[in-house]
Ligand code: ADP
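Presented as structure tokens, the chain that follows is alone, the form predicted alone.
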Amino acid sequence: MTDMWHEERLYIDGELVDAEGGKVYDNVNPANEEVIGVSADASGDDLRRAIAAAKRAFYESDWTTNVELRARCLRQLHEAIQKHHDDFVEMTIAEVGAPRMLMSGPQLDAPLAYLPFYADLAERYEWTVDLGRAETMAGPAHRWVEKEPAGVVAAITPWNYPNQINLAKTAPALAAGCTVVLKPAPDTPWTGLALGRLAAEYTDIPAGVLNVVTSSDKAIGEILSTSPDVDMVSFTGSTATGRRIMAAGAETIKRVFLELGGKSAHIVLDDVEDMGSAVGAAAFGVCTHGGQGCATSTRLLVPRSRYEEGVEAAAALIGMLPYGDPQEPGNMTGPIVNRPQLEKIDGMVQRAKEQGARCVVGGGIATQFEKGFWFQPTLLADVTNDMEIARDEIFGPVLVVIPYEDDDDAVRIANDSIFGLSGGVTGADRERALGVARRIRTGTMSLNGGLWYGADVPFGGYKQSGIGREMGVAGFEEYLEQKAIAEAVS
């Protein structure tokens, strides 16, 4: 173990530097409320220096045109993270509260694949598309389209899966030839700052191409949204914040990628044979990492004819799932990231019970822990889709069970939401289940337990769950502009 996992300096213009005035803020472990170290607390001027560095690198270095350099640097960064893999594991558990068992999946190992994926994609991508010859009003012309980087990208990331989302934004943006200012969430600074340190020590990334700035001030991101020197904002977080970013960016007609909230529904059809297996995806998913995932299915839709059977099966699974110390390999659920989020979850659950929801499992703040931010894995039955608990994103280990009459009713309930991020359908008749899945307006769907997550799979939402796609070829092309060129020919 090295000191890599408590890097506290900003990375601006190719250098590891202190925040203005040496200002720092505490990094707190949500499992025990202990201060595990400090992080640089950037000022607005620090952020503006990072933007200026990114702009200068975009216009004055060969980063935008040198595909070989970009691919090499992404592979160097990949090798550096692998070299410090254990450091990333420990810092992620400590500052995120993520269970150790998730390190081999979406918390660390799975997103590492983004770096070589986008290095390979940049090398084989068709940067120029020939449209051939055409007769125009000005005479014959040869036309083609060139793909170019979008410019300076502000990547604003959340705290729930920081490694995954930091890499899902920086890898394609850098591969496309953009320069980046990465602003990690205040609650999880080290996982972002470590990328800056690795870039400085192990890669040939030119100064200013990648910048990492952390701050305790959540409002500082407005500088990124309003700066005329930022060409694109790539944001993952709440729908409420996404709306503000869109509004702030309107003054400069800024491009935005938004991956926002979700209220995903998992539909169990009435022909399933094993109800326990059918509800398993939703029950396990909502208890993974404390339900702190935007694509988590938090509404379980069960046919009224088998409703109590579905409730009992979900209760049995949720009641047996281990939660506690994220350092323990067997625990699926660790703490909630901070006290305000814990209190928000508790408030929503208590209001749901007042509105008539039946608490079957859990139902409140866990009291068996001396310190930390812990909420009981919770199952609420007799929920209607007009309740707050069924309409607003919880971001906690809370699953609600809603009855439906037939397939049309299930589709209606699933689509009756401002969100459209993910979901699932389980049924014995594959064609019937697929037909239902195709009627749900979401960006990703699981059919009979299939897992869609991967570096090559585009991820994003319909409606107020976002704009654009992350990962896959589509995620790469979010960071590109298209320039059409016509040349007069004889």
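Being a predicted model, the structure only gives us computed values, none of them experimental. Residue numbers run from 1 along the displayed sequence.
Missing here is the form predicted together with this ligand; even so, the following discussion is about that form.
This chain is displayed without this ligand, yet in the predicted bound form the stretch 242 to 250 from 363 to 371, 196 to 204, 109 to 117, 242 to 250 comes within 4.5 Å of it by heavy atoms.
Using a 4.5 Å cutoff between non-hydrogen atoms, residue 385 does not count as a contact of this ligand in the predicted bound form.
Contact annotation: residue 235 falls within 4.5 Å of this ligand in the predicted bound form, judged by heavy atom distances. Under a 4.5 angstroms non-hydrogen atom cutoff, this ligand in the predicted bound form lacks residue 123 among its neighbouring residues. Among residues of the shown chain, residue 221 is one whose heavy atoms approach this ligand to within 4.5 Å in the predicted bound form.
Shown without its partner, this chain lists 157, 179, 92, 292 as candidates; in the predicted bound form, only 157 has a non-hydrogen atom within 4.5 angstroms of this ligand. Just one of 263, 169, 183, 266 comes within 4.5 Å of this ligand in the predicted bound form, counting any heavy atom, and that one is 183.
Interface residues of 336 to 355, taken as those with a heavy atom within 4.5 Å of this ligand in the predicted bound form (partner not displayed), are limited to 341.
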